[in-house]
Every structure is written in structure tokens, then in C-alpha cells.
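Quick setup: one chain, the form predicted alone, written in C-alpha cells, and binding and motion questions come after.
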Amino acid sequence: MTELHPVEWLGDRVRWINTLKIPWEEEWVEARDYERVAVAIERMEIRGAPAIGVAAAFGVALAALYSGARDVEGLKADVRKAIERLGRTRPTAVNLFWALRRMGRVLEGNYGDTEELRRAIIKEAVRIFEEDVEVNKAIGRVGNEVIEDGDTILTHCNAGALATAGYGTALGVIRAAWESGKKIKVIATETRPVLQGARLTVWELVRDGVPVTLITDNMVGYVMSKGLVNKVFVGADRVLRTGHVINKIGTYTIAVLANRHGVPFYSAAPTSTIDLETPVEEVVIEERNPDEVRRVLGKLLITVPDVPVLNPAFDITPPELVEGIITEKGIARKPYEENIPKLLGKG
């Protein structure tokens, strides 16, 4: 398997693959302006919680690199402005804010000149990227333990290399199982309305030679009722200390069906996705453009042009439906409120 890094630091610019163009075209975009990175996150050229965090860190690095400030305090002010702008891009994925907090902490040090501060900021952004790749591979190793030879795994949305700095979370588990020689198969949901499953997950798995079958979102109950699914693996945009999993819209429905049919449902995510502070009732669920639903990929109109639309990007799966939360540090299991903090060394 050729390793894919969908967002990278090239020394003086950020480079990313435009996921809106996959599977038709592999378009790589380069930018030297943090505003362009922010827009890429908002448009979902860059998407997936870990990838958003890495891209935001690189955006901060661009702000530092190209700031015209002549003193350390001026440079810090420019960087804080970039952090504030990047923090407004998407409200739900916790990795974005985790990465921006890390970048902000760099500003707390004492620096002799602007160049020293610039180097520190860029070094931290690159470190976030490198850590994410290693963490994802560790998640794969941990999750591989619960996959059996011959399993058929259902996955929703895209939690692969394209959603991270590389390798993937839920797809990282699938990759690790495949690389270990297990003869597994994957069923991927299309994931309306932006079709990340049909476009991105299928593209990644075909690219790696992993057997994959595509289904529409409303076929999940059917394939489970026919005994065609052994396990479900999804990613997460946020995991609460209570074990609530915030992930792509439709995840909750799949978890309910999995529970009904006795299919173990797992979420795979780095510990940076875990939010120990926010209560479930205060989680902000992003509402996206109604035309994502009215039209297919912004083109073909499939309904009355001005019909009201509900378009939440995420839903919340309650902990009682979750068999385990797979992280680089191990698998958290019920009772989550006790075991998640313990896993993080904060129990």
C-alpha cells in the first residue's frame, strides 16, 4: 500500500488533496495563505476531524511564516488572529480546537526574536502531523485485535487516510487487519448528502485492494437482517467522557440497527478527539448548506428548489449502543464515564 498524506507541509507552503474532486480527479492544491486553508476546511476540500486539526496547525504555521511583523509581540498578534480565524471554520470536530490550543501554547514561551518564534510554531505544526500518523497506526494495531479472519465490516462516511494526516482511524483498523493477512470484506455506506463513503472510502479501499461493496444509507437494516455484517467500525468527530460518539449524520441510525441485530458497533478515534469537558446537551451540531440536500454534489436539483431543508452534519450515538471506543492507548469499554478518563490517565 502506498502511504497517502492528504495534507502536508512543504517547507514554505501547505499542500492538500481536494477531497471534493475524488474519485474523478486527484487535484492537489498548494497555499501560502492561512485564509485559503480556512476556506478549504469550510468547503470540505479538507475534511475529517484529525485532518482538519493538522490543516489548521499548518495554517497557523503559514501565518507565522508570512507575517510581516518586526518584533515578537507583533508576530504573536498575527498568529493569534490566524488561530481565531481558523477556529471559526467548523464547530463540531474537537481536533480543530485541540490543535489550535497546542499552537496557541507555543506563544506562551519566551523568544529572543521573530525567527526563533517562527521556527517553534512550524516545528509544533509538523509535530502534530507526525504524531497523527503514528497515532492512527497505533489505533489500527489496537483495533485489529477485535477483527476476526473472514469478518465483513460495515463503515460509514470516511475515516480513512483522507480524514487524517495518513492511514486513518476506522479505516486504519481495517487497513491493519488487511495488512496482517486477515481475509476481510468491507461494506461502505454512500453517506448522503456529500457522499463521503461512495466517493472517498470506496476510492481508498479500491486503491489498497481491499474488497469493498457500496450500499445506499437506507440499506443498512437490510444487510444486517441478512447476516451480512459482523462488525461496524466508524470514526468520530468528538467523543465525550460519557461515551457519547458524535460522528457523521446517520451514525446513530446504524448504531440502533447494529444493536437490534446483535452486531458490535465500535468507534475508532485518537485520544485528541476525546472531550472530557463538554456535556452532551452543549455539543454544537453543525448545520450545513441546504443545497447539499436539494442537489446532488451541488449540481443536479432533486427536489422543489426552495423546499425547507434540515441538514445537520453530525448526530450523537448514546454510549449504551457503543461496544467500544478504540484509541491509540487501548479500547475503552463501559462504563465509559469511569473508563475513558482512566484510559487518558485522568481517572
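All residue numbers are counted from 1 along the displayed sequence. Because the structure is a prediction, the values reported are computed rather than measured.
The same protein has a further form, the form predicted in complex with a small molecule, not shown here; the description that follows concerns it.
- For the marked spot (243, 272 and 327), a heavy atom within 4.5 Å of the small molecule in the predicted bound form is absent from each of the three residues.
- Across the options 179-187, 247-255, 67-75, 115-123, residues that bring heavy atoms within 4.5 Å of the small molecule in the predicted bound form belong to 247-255.
- Think of it this way: in the predicted bound form, the small molecule has a heavy atom of just one of 174, 99, 239, 157 within 4.5 Å, and the residue is 157.
- The closest non-hydrogen atom of residue 49 lies within 4.5 Å of the small molecule in the predicted bound form.
- The small molecule is not shown here, but in the predicted bound form it comes within 4.5 Å of a heavy atom of residue 44.
- Looking at residue 90, you'd find a heavy atom of it within 4.5 angstroms of the small molecule in the predicted bound form.
- The small molecule in the predicted bound form comes within 4.5 Å of no heavy atom belonging to residue 86.
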